[in-house]
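Just the one chain here, the form predicted alone, laid out as structure tokens.
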């Protein structure tokens, strides 16, 4: 099958599965992109996800970068359309029906039932990225420090913690010469 159609198909499926947002499908995204189609390796996936976290806009714009990596501009367009159009159409249609059932016990029960599902899916996404990103003592310490900062200091911008963790990692790596290009 044409690689552009594969990109469209993969991200359309992920779009429909993304109950609770893009983070809910991170494990499946990684499985399809890294393990099934071999479009990226673990490090590339982690780096693209990290980039999606620090740039403005929805973090799942990372699908555009993945599509671009696979087949260039057309792949980026296919990934974008595949990931955002189906979910957008379903959300629009559901909102029309949802408003009709305002105040219904059925609607309240559905909301209460979906809440733990969404939390579980988001936790699964976090674990999937952590397995790729945490690969030694240093990254464990950085991860715990960032978690503690987010959990204990309620009014700190998480982007500052991510930046701080990156600077610590860079400083330690540059001090050992690891990851530095040969001179």
Partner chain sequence: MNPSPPPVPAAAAEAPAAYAVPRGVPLWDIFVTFLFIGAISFGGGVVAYLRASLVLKKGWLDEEHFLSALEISQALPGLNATNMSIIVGDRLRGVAGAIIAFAGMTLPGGSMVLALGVAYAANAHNPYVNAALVGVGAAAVGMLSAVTLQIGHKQLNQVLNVAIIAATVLMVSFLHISLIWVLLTVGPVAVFLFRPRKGDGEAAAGKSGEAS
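Treat the numbers as computed from the prediction; the structure is a model and nothing was measured. For clarity, a rigid core is taken as the largest C-alpha set superposing within 1.5 Å between two forms. Residue numbers count along the first chain shown, from 1.
Missing here is the form predicted in complex with the partner chain; even so, the following discussion is about that form.
Contact annotation for residue 26: at least one heavy atom lies within 4.5 Å of the partner chain in the model of the complex. Contact check for residue 131: a heavy atom falls within 4.5 Å of the partner chain in the model of the complex. The partner chain is not shown here, and in the model of the complex it never comes within 4.5 Å of any heavy atom of residue 37.
Contact check for residue 9: every heavy atom lies farther than 4.5 Å from the partner chain in the model of the complex. Of all the residues from 71-90, those having a non-hydrogen atom no more than 4.5 Å from the partner chain in the model of the complex are 73, 76, 80, 83, 84, 87, 88, 90. With the core superposed, residue 13 shows a C-alpha displacement below 2 Å between the shown form and the other one.
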